[in-house]
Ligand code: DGL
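Okay, so here's just one chain, in structure tokens, the form predicted on its own.
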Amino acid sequence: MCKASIGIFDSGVGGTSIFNEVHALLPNENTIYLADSVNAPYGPKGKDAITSLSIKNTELLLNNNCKLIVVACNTATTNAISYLRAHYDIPFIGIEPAIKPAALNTKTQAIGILATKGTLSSQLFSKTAMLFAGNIKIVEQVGEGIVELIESGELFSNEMKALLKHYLKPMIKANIDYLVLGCTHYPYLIPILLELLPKHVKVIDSGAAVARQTEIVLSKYNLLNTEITKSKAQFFTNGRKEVMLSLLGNRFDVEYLNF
């Protein structure tokens, strides 16, 4: 099983930001990535629909002999990972907004969180926020329309910039000094966000922490691939291949798969 692949799935291309971190930390590991772009975004969907889509993605990865699955989607993690862990005999790594480091390090006692509706309305998010950020001001913003623009190849469009300006306005007014990104699509926005935010505001996401947790869990179950061989990274999408290729910098091949 050590040579088996790490499976990664997301509601589209955003989880490639997680792949980048995992691949950088664990270059020997083979990976299979599923982009369920035809159903993106997962955020507005109900818990049952999100769980059903997560099951579909999980079964496809298991059919390809994956040894561990990274749920590279905040919405799928908060709504479905408990079900997945209870029903499948394989380790799952989830994604949570990095509220804890932002709450512990804020100097202005105000942080912003940009996330999907499905993440912000979840019990897991509420519990994490209460645990680590009960005494500070949290400015929450549903990033409606962002995922759709990224999936359409409009990452650096004027429409995206105008949307982000609108979403950031109340955060800037509240004097946030940390902006937490609560969707794996959002790290691709960082160059635009840094342009729009005051210089003192730090933007943080969960990618590096997810990669470290993946390494820890693989080691725990003796699943690390310790052979120094060229790893294989496979990417599948049921959406537009060129969008994923552009985010990956054309470093890998992407195949269309109807799933």
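Quick note: we count residues from 1 along the sequence shown, nothing fancier. Because the structure is predicted, anything quoted here is derived from the model rather than measured.
Unshown form predicted in complex with the ligand; subsequent notes refer to it.
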Exercise. Given that the partner is absent here, does residue 176 sit within 4.5 Å of the ligand in the predicted bound form, heavy atoms only?
Worked result: no
Margin query: Under a 4.5 Å heavy atom criterion, is residue 147 part of the interface with the ligand in the predicted bound form?
Written below: yes
TL;DR on 57-65, 24-32, 42-50, 198-206: the one with heavy atoms within 4.5 Å of the ligand in the predicted bound form is 42-50
Looking in the predicted bound form, the residues of 177-197 with a heavy atom no more than 4.5 Å from the ligand, listed in order, are 182, 183, 184, 185
